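Next up, C-alpha cells for two forms of one chain, structure 1 and then structure 2.
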Structure 1
Amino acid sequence: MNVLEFTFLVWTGSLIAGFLGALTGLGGGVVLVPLLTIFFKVDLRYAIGASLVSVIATSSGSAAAYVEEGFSNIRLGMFLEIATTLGALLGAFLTAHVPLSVTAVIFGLVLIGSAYSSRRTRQRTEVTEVADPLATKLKLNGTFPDTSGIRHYNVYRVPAGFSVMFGAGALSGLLGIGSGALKVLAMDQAMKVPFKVSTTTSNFMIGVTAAASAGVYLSRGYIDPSLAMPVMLGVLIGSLLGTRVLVRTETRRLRLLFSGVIVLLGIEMLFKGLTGNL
C-alpha cells in the first residue's frame, strides 16, 4: 500500500471510530489501537502513540459542548488530576519495560471490560454514609442544575476515588487510551458524584491525563507524525460529527452493536498477545 492510500484508509477508519465512539458514549480511542494493529498491521507502539494524541484532540475539542451544560466540577477535576497524571507518567514509563505481548493482553482485557461495563445498568444505593471531611476541606462538594432547580451534592470516599484515578491514569499511559469509563466509575460509584457531573468532569480530565504521558511517548519516539496525522484528523472530525448527531438518535441498538465489535477486537488483541503474534 502506498502512503496516499494508507493515509486515506486510516483517516476513514479513524473517522468512523470517532463517530461511533461519540455517538455511543463508549469513546473512540479504545478501538483505534486494535484497528491500527489488526487491520493495518501497525506496530503496537506507533498505534498507542497515535491513539493517545487523538484522545487529547477529542477531549479538548468536545469540551465546549460539555461546559455549556454547567455540570463539571473544576476543583474535583483538578484535585483528581494529580492522581491521573502521576498514574499516566507511571503507565507511560511501563510501556517501554513491559513486554509488548503483555501490553496486548492487558489491552484485550480492558476492551472486554469496557464493553461489559457499558452494558451494566447503573444502580445507585441511597447514600447513608457521612460526608467525607476531606471533601469539605478541599471544597469538592458542588451544585448542578436540575429540572427542579439547583441541586447540591456531597463527595464521599475521597481516598478510594483518588486511588482508582491513579489506576485509570496508569492504564491511559500504558495503552494510549482516555480510560474515561474507569474515571466515571471512580467518581460515580466510589465517590457518589452525580452521573452527569462524573461524565463531564471525566471528559475534562482526559486531555490533561493524556498530555502527561504524551511527553514521554514523544521522547520515546512512539509518536510518528505521518501516522498520527490521519488518525487525529479522522477521530476529531468523526467525534465532532458524532456529538452533533447524538441528540436526535436512538442509540441503544448501536451501543449494543458497537459493544459487540469492541468485545471481538478485545478477543483478537488477547489472542495476539497470548500467541506473541505482534
Structure 2
Amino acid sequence: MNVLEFTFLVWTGSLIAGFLGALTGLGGGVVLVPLLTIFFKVDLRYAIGASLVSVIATSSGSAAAYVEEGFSNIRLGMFLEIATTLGALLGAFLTAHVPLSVTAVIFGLVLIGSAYSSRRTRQRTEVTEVADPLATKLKLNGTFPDTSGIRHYNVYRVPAGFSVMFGAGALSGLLGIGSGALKVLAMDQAMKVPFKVSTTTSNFMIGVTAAASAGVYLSRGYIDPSLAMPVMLGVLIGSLLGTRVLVRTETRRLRLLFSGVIVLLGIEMLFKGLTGNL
C-alpha cells in the first residue's frame, strides 16, 4: 500500500467515524482510534493524537449546525465544560505513566459501555415536574424544536452530572476520544435532558475537552500532521453529513448499528490489550 492509498483509506474511515459520531454524540474518536490501531497498525498514542485533532473538527463541524437549529443547550454545555476540561488535563498527563496495554483495556471497556449507553432509552420527562433549584439558579433549563413544536425541558441532578463529566474529561485526555458516551449518559440519564439535546450539546462540548488535552499530546510529539490531516478532513465532512441526518430523520436504527460496531471494536481492543499485541 502506497502513501496515497493509505491516505485515502484513512480519510474514508474517518469520514464514516465522523458521520456516526455526529449522529450519536459519542464523538468520532470512539471508532477512529481502534480503526487506526487495528486496521492500519498505527501506534496507539499517535492514533490518539490524530483522534484529538479530529474531535476538535467534529465539534466545529456539527456544533455550529446544531446551535443554528436550536438543539444545543449552550449554557449547560459551557457549565459542564469546566468539569470536562479539568478531567481532560488530568487524563492527558496520565498518558506518560499508563502502559499501552492498560490503555487499550480501558478503551475496550469504554467502547462496550458506549454501546450500552447509545442503545439505552429513557422515558420522556415532562416539564411539569418540579424544577431543580440549582439548575434554575444557573439558568440551565431550555427549549428545543420538536416534531410537535417548541418543547420546554428542565435539567435535574446537576452535581451528579458535573461529577460524571469530570470522569468523561479524564477518559478523553487518556484515550483521545471525545468521551461523548459519558457526556450523553450524564445529560440523558442523570440530568434527564432530552436525548437530542444531550447528543447535540455533547457535540458542542467535545471540541473544548479535546483541545485541553491535544496541547499535551502535541508537546510530546504524538500528533503527526501527515496522519492528522486526512483524519481531520474526513471527520469534519462526516460530521457535517451526520448533522443533516440527525435533525431530519429517526436515528434509532443507526444507533443500534453503531452500538454493534463498537462492541466488536471494543472486544478487539480488549483482546489486544490483554495479550499485549499492540
Partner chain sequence: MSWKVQNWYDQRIENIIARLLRAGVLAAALVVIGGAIPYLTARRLTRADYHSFHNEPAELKTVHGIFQSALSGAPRGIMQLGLLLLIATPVARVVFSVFAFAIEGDRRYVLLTMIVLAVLLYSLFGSFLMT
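Whichever C-alpha set is largest while still superposing within 1.5 Å between the two forms counts as the rigid core. Throughout, residue numbering runs from 1 along the sequence of structure 1. Here the structure is a predicted model, which is why all the values come from computation and not from measurement.
Q: Which depiction, structure 1 or structure 2, is to be taken as the form predicted on its own?
A: Looking at both, the form predicted on its own is number 2.
Q: Answer yes if the Cα of residue 90 shifts by 2 angstroms or more between structure 1 and structure 2 on a rigid-core superposition, and no otherwise.
A: No, its C-alpha moves less than 2 Å.
Q: Superposing on the rigid core, is the CA of residue 106 displaced by 2 Å or more between structure 1 and structure 2?
A: For residue 106, whose C-alpha is compared between structure 1 and structure 2 after core superposition, the shift is less than 2 Å.
Q: Once the core is aligned, does residue 169 move its Cα by at least 2 Å between structure 1 and structure 2?
A: No, the C-alpha position differs by under 2 Å between structure 1 and structure 2.
Q: Could the core-superposed CA displacement of residue 201 between structure 1 and structure 2 be given in angstrom, to one decimal?
A: Displacement of the C-alpha, rigid core superposed: 3.0 Å.
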